[in-house]
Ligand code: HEM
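A single chain, nothing else alongside it, follows as structure tokens in the form predicted alone.
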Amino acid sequence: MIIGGRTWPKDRRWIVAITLVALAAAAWYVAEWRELGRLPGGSSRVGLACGIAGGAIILFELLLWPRKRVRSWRLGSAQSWLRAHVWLGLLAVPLVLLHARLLFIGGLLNQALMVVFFIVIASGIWGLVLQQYLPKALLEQVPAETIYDQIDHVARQQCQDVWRLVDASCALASGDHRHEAAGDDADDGDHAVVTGFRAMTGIQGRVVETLAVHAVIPGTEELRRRFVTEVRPYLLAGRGGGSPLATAPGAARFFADLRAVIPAEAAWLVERIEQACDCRRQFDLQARLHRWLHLWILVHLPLSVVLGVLLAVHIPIAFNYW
């Protein structure tokens, strides 16, 4: 959920509301503190009220997951639920603190409940922070963004496209042989169909081009060799292969060295290979950002379930000793 921008009027109402509720609860707590002469606990009037409110909020928070899975529920939009999930979750923090006598509590169950509660809140805040920045970073830094699950497939396709051009245009070293592009019905002897990524008038996306296949360029044996031994492994494996092409400075040095040893007629091909490597780095960045954007939920969701279980155990025990 993105906070601010067009959603700011709705977020502002939530911020004002939870601030007023938190201040009212704190004022009530201070008044009862002065009346009792000691910190009110969970069995006091204010402590019990804050505990019931906090518990109800936690129960509501746990309902977000089934609400997102059962789309037939007509109980408000998913965005409304998510906004309530975020702001009510933050409101639960002062309410739970007041219920827990500002953390001056005893008992292993109570302490475990508080530890899990604050880890859940912290992971939720971390996920919210990531959602404010990472989607924008994807938009700005990954113009070649593709479907996350298709990254490896698209990278293989792009590698095959560039290899067609290299194989058709580069001279053969001694002992090498020219390859056929298997399964490529769109190619003929004079042209090759390749894919790429471009940004035009603010629109970014994947494009298909038909390029003329140049005659073999003399003196390009080294280009072919370095593509096969260094570039192609990187295009297929990405940064996981430890290639210097995985970083922009390393790629800049690689292609500067390559341009120094190839004929000027092959400059267009080197540029095409460099574009493919840049696109692969974008895919690597997309994969990292995607993991950052989603892996926090592996902490947040299971511990939320644990929190619900601990709360279910805490409630009857608390009323038994009340």
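Since the model is a prediction, treat every value here as computed from it, not as a measurement. Quick note: we count residues from 1 along the sequence shown, nothing fancier.
In what follows, reference is made to the form predicted together with the ligand, a form of this protein that is not presented.
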(message) I have V21, V46 and C50 flagged as a candidate spot, so tell me whether each of them has a non-hydrogen atom within 4.5 Å of the ligand in the predicted bound form.
(response) no
(message) Does any part of K10 reach within 4.5 Å of the ligand in the predicted bound form? Heavy atoms only, please.
(response) no
(request) Give a yes or no for Q131: in the predicted bound form, does one of its heavy atoms lie within 4.5 Å of a heavy atom belonging to the ligand? (result) yes
(message) Residue-level contact is defined here as any heavy atom of the residue lying within 4.5 Å of the ligand in the predicted bound form; does M114 satisfy this criterion?
(response) no
(request) Please check if H314 has a heavy atom lying within 4.5 Å of any heavy atom of the ligand in the predicted bound form. (result) no
(request) Just give me the single entry in L97, V86, C170, V142 that has a non-hydrogen atom within 4.5 angstroms of the ligand in the predicted bound form. (result) V86
(message) Which residue, W268, F255, W28, W296, is the contact with the ligand in the predicted bound form, using a 4.5 Å heavy atom cutoff?
(response) W296
(request) Considering the ligand in the predicted bound form, find the one stretch among 116-124, 245-253, 100-108, 142-150 with heavy atoms no farther than 4.5 Å from it. (result) 116-124
